[in-house]
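A single chain comes next, written as structure tokens; it is the form predicted on its own.
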Amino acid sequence: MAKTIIEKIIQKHTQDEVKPGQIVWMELDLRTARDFGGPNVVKNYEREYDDEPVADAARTFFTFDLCTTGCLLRYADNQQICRLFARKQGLKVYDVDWGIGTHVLIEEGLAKANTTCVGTDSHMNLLGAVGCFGQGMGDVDITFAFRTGRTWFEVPETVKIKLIGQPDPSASAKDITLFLLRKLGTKVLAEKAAEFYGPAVESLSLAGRITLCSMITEMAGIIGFIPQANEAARQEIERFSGEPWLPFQADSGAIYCQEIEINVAGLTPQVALPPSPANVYDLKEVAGRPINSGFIGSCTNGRFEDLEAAARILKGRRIKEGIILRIVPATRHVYDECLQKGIIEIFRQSGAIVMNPGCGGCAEGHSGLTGRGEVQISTGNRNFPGKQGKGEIILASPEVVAASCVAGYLISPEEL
């Protein structure tokens, strides 16, 4: 039977029949736990399995990215619990100096096309950017995956989405992503996989692909795939993986539960206002709203390309007095590239604060939280009340965040 991409990946990892709605036992290529959830995995494991070995130590990892300074006592305890278990089991720990775990898996050539990966991270599905089926799960499921190297999974239906037209040059991958949230909301892709087609997505860089695929979570979807890539993105993926990038393609005749066309012709910068990522407007509709702070980073917009785009706006300019802009590179690989190419110096001269790599304000233990009454413009992926503190979060692209921090209010870079 003709299959979609997700069905082909799952079929590669199971002996069971694969069709939408079917529950299968799926073999896992990678399993991970981070500094939030990881301690519970350890406690569950030691209670259920005592000193029995994990299924495959070489494919089982810890990634510390939520509190990468260990600045909270409970996170310091959490991380040490995981380190001690890792030493006993012979597991690799990507410690607080590495950055966001999902990004590290890509950079280290572990997450590859047509493989499967689970972890205690709700944005594990951003691995779809390289054709890997990544899935976030609870600590009980990850404990079982550590011990057995497999998990059960219900095969999802797939929605085929074709983007037609080309956005305005002022629009970025984040703007495309927010526009898709505006159109799809949280119901169209709920508990489904997505396949994206059309020049507007197929021309995205690896950073742009990560931006889109990471926010499938906010669309309530399982995972998104972009089966075609431009040459630059392909080369970057292959440089990390060390092998040709040959992701599965959907079969001719594959059955989709829905096929959608979305016109992005002339798309201009978008922003998501509280209280949800789907509350999206054209920036020009809400321009002029005052802000108090900015955040550039997260698993959605923490790549070098994102920071470079912000630096182009900030070069030769100063952040408005009274505005705080915090910048958090996704990984030390990204941080190093920013150092080598002078990006960090541009940020310093503009008055921004650059932190060590990690998740940033999406996590309680890192930089980018808000106080009561504070309005922050952020490149993160969520703006639910309380997600980054007691303030309000407006989601936008790195370019719009940088420009708005210079102006002190929502503004397009072209208007500076």
Partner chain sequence: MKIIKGRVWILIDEQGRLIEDIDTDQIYHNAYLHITDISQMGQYALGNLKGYEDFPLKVGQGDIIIAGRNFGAGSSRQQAVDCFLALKIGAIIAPSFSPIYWRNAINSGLAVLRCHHLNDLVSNHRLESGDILEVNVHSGEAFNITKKIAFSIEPMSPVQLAIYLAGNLFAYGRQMVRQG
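Because the structure is a prediction, the values reported are computed rather than measured. Positions refer to the first chain, counted from 1.
Form predicted in complex with its partner chain: not shown, discussed below.
Looking at 324-332, 227-235, 146-154, 338-346, the stretch with residues near its partner chain in the predicted complex, meaning non-hydrogen atoms within 4.5 angstroms, turns out to be 146-154. Candidate site formed by G70, W98 and F295: none of these residues places a non-hydrogen atom within 4.5 angstroms of its partner chain in the predicted complex. Shown alone here, N40 lies within 4.5 Å of its partner chain in the predicted complex, counting heavy atoms only. Looking at T186, you'd find a heavy atom of it within 4.5 angstroms of its partner chain in the predicted complex. In the predicted complex, at least one heavy atom of D141 sits within 4.5 Å of a heavy atom of its partner chain.
Within 4.5 Å of any heavy atom of its partner chain in the predicted complex lies no heavy atom of G351. With the partner omitted here, the residue from E48, E374, D56, E27 that has a non-hydrogen atom within 4.5 angstroms of its partner chain in the predicted complex is E48. The partner is absent here, but in the predicted complex a heavy atom of I222, alone among L180, A173, I222, A111, sits within 4.5 Å of its partner chain. Residues are counted as partner-facing when one of their heavy atoms sits within 4.5 Å of its partner chain in the predicted complex; in 55-73 only L66 qualifies.
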